[in-house]
Each structure stands twice: as C-alpha cells, then as structure tokens.
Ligand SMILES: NC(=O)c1ccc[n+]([C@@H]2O[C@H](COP(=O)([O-])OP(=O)(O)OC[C@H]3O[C@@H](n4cnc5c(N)ncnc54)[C@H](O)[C@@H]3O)[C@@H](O)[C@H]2O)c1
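Here we start with a single chain on its own, the form predicted alone, put down as structure tokens.
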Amino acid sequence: MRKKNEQRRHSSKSRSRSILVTGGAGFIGANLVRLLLKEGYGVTVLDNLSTGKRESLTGLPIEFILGDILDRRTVDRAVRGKDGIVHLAAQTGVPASLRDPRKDCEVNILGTLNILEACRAENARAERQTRNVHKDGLRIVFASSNAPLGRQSPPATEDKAPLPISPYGASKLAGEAYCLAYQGSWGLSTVVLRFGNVYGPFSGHKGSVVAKFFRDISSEGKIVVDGDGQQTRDFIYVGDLCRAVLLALKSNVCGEVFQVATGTETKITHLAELVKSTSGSKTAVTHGP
C-alpha cells in the first residue's frame, strides 16, 4: 500500500509539470514561460504571433505551436496531455475593441470557449483512459482585466459589481462568466485573475503607458502625458504577476475571481517623473490632448 501511494504521488507530481500557455510569446507570456521553466514545468506555447514575438522565446526549451485559439482543432491538439492551462491569448486593450468590437468578441469570447471545450473533452478522454487522474482534471487560469469593472471607482475589489464601459471589458467579463459556468456545470478547475496595469521586460511593443513613456524618451526626446495626468492606474510588476499565476496553478481553489494588483493608485504625472528619474533622462514632461 505504501509503495502504491508513493507511485501515485510521483505520478501526480509528474503530471503537474505539463503546462500550456496560450499567447505565450506575448509580454506577460514571455515572462511567465521563464518562471514556469525555472520551477521545473514542461511548457507548450500556443501563439499566432499577431502581437507576440517568437524571438522573445528564443533558446528556451519549450514546444511552440503556431496557431490560433479560434481554430478548435489546433486548440484540441495543444491541450492534449496537459495538466494546466494559462489562457493569456486575447485581443487586449480598449482602443482595438472600439475599432473592431466583433473581432474583440470572437477572440475573447469564442476563443475562450474553444479552450474550455477542449479542456472538457480532454478531461473526459483522460477519465476514460485511466482512473489515476487529478480529481478536478485540468487546471485552467484565465487572464482577465480590471476592464470588466468599468464604472466602478478604484481600488478594484472582488465584491464590486462589474459595469463594463467598453467592448473589451464586456468580452473579458463574458470570458470570466464562461469559466465560472464551466466550473459550475462540468466541474472544470477554473480560476479567474483580473490583472492590474502590468509593466516590465518584453513590453516594448505594448501600448501601455509605462512602455509608451520609455519609447517617448528614446524616440521623441520628451515624455508626453495625455491630458492633465491626474488620472491614475494600479501598476504591478510582471514578475509579481507571474508569481500570482503560478500560485493559482498550484492552488486547489476554483470557480473564483481574484484581483491581482497592488491596491495602490499612481497618478500618471507621478509615473512620468518616476520613468524620467529611473532612466536618468533630462527630457521634459509635456502634456497632450
């Protein structure tokens, strides 16, 4: 009996080491993949490279699948044999959702539905093949945003009713709802993380304000703040965010939504000064529309 228990523990440990990261060639994905590898996980990345960069994963011992989350057959293949999914792939940001709300809906809602359906099918397949599987099957961490909260005043907390004011916020809220519904209906081990405003390595191509200010210094010779700069954001370093994702993967909590942020609001004018000081730049801080 003792030997069988040890075999089960060893098998469980081995299974927990296979993780699929959708959108893994993006900003957050590139950082998360490195953390997962450091922690001893085997990593597969699924990315269509529409915004992510393959070179951000150069030299890493991973499996890379070039494909789209809207392609169900590709998603099924990527999910096969995995023990955890971190679903980062998405249409990110409010401006793009305003330009093309239909695409935002397709990627963020139907793409998420494809992931959930593939996970449901994989759980069923694993149960048919063997009884020695995780009680809750695949572990699914869904990357959401503060955008679903919309009209709520900061700080962002889990007890506030979502009131989205953009197509992006609406599509992310729908993705959250599907994750919770699949947990309630079929027992999928899903957890939703609402990310704050993330900054850090591999974000140079992003439209986020920290990345923009550093680009301003290098290309414009000045930092341009939109408006009076009194607007605020809750900024979180990508390394801290990735550790939260790792904890969510390891946890047995499911069917819940968690805010992943610092709880501290920073004015954009103060951020501009921080970026200027950190870079050692003498550039001026100006204001635009």
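One rule holds for the numbers: they count along the sequence shown, beginning at 1. On a predicted model such as this, the values are computed, not experimentally measured, just so you know.
In what follows, reference is made to the form predicted in complex with the named molecule, a form of this protein that is not presented.
Listed residues 114, 123, 197, 166 were compared with the named molecule in the model of the complex; 197 is the one with a heavy atom within 4.5 Å. By the criterion of a heavy atom within 4.5 Å, residue 145 is counted among the residues contacting the named molecule in the model of the complex. Residue contact check for residue 43: none of its heavy atoms lie within 4.5 Å of the named molecule in the model of the complex. When contacts are judged by a 4.5 Å heavy atom cut-off, residue 20 does not count as touching the named molecule in the model of the complex.
For residue 90, a non-hydrogen atom is located within 4.5 Å of the named molecule in the model of the complex, even though that partner is not displayed. Only one of 198-206, 184-192, 213-221, 158-166 lies within 4.5 Å of the named molecule in the model of the complex by heavy atoms, and it is 198-206. Contacts with the named molecule in the model of the complex, taken as any heavy atom within 4.5 Å, map within 67-81 to 67, 68, 69.
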